[in-house]
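Presented below, as structure tokens, is a lone chain in the form predicted alone.
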């Protein structure tokens, strides 16, 4: 069996994007990664700040954003415009030939408006398919795709889509052609056994341990959908999945959580 080329998919969000210095440091480390790579980013806090500046009050339900038409406009402007192009420009300055994408560009990520939900989340998309052939062509040309959290429905409608889910879907779609290592970067060092102790990192989180900690409410709220994406990716062919701070993409940094089946 031939060895597949390695592909690293990194998702960043939260405080990394909010801080100019942290983002700059992260992008320097990301640019230094060898081999094929993809970057996926969120940017919810910046979108909230811009919305409030425009007199739009963001609405959330259990921590998840309700995307009405005014909020969708802000999300598209912020994610696909401001943040995506800033990251792309910074990577170009670091000699990475980055190309910024929404799901609509090249029909990269097709979604459908969320339906049958108890709560109407508005213009929020659930992923239907990924154009992995085009992703593969770009990667083999040494392009570094940079995906924001906007997809489309194929009928002209843009949709706000969870960036963790986008990273997972890209990882699964590319796993036929590549050995995929999926990294979720956020402000903590990993999945914690004690939410108040940032050093209580669970180094290896098996599905059985995850199930037990979820029942004990040690793992809850925002970490649950993140881990669901991780396990979904692992069951569908992704080689390895890690959760931790942006530091984990540096060579030799081992303080993070490896999620495993």
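None of these values were measured; they are calculated from a predicted model. Residue numbers count along the first chain shown, from 1.
There is another form of the same protein, the form predicted in complex with a further copy of the same chain; it is not shown, and what comes next is about it.
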Discussion item. Just to confirm, with a 4.5 Å cut-off on non-hydrogen atoms, which of 218, 31, 50, 66 contacts a further copy of the same chain in the model of the complex?
Written reply: 50
Worksheet item: Looking at 165, 175, 181, 102, which is the one with a non-hydrogen atom within 4.5 Å of a further copy of the same chain in the model of the complex?
Response: 102
Fill in: Segment that reaches a further copy of the same chain in the model of the complex - one of 52-60, 37-45, 223-231, 197-205, heavy atoms within 4.5 Å
52-60
Worksheet item: Is residue 86 close to a further copy of the same chain in the model of the complex, meaning a heavy atom pair under 4.5 Å apart or at it?
Response: yes
Worksheet item: Quick one: is residue 152 in contact with a further copy of the same chain in the model of the complex, heavy atoms, 4.5 Å cut-off?
Response: yes
Worksheet item: Does residue 128 reach a further copy of the same chain in the model of the complex if we count a contact as any heavy atom within 4.5 Å?
Response: no
Worksheet item: Contact between residue 120 and a further copy of the same chain in the model of the complex at 4.5 Å, heavy atoms?
Response: no
Discussion item. Since the partner isn't included here, can you check whether a further copy of the same chain sits close to all of 73, 92 and 141 in the model of the complex (heavy atom within 4.5 Å for each)?
Written reply: yes
Fill in: Residues in 56-83 with any heavy atom within 4.5 Å of a further copy of the same chain in the model of the complex
73, 76, 77, 80, 81, 82
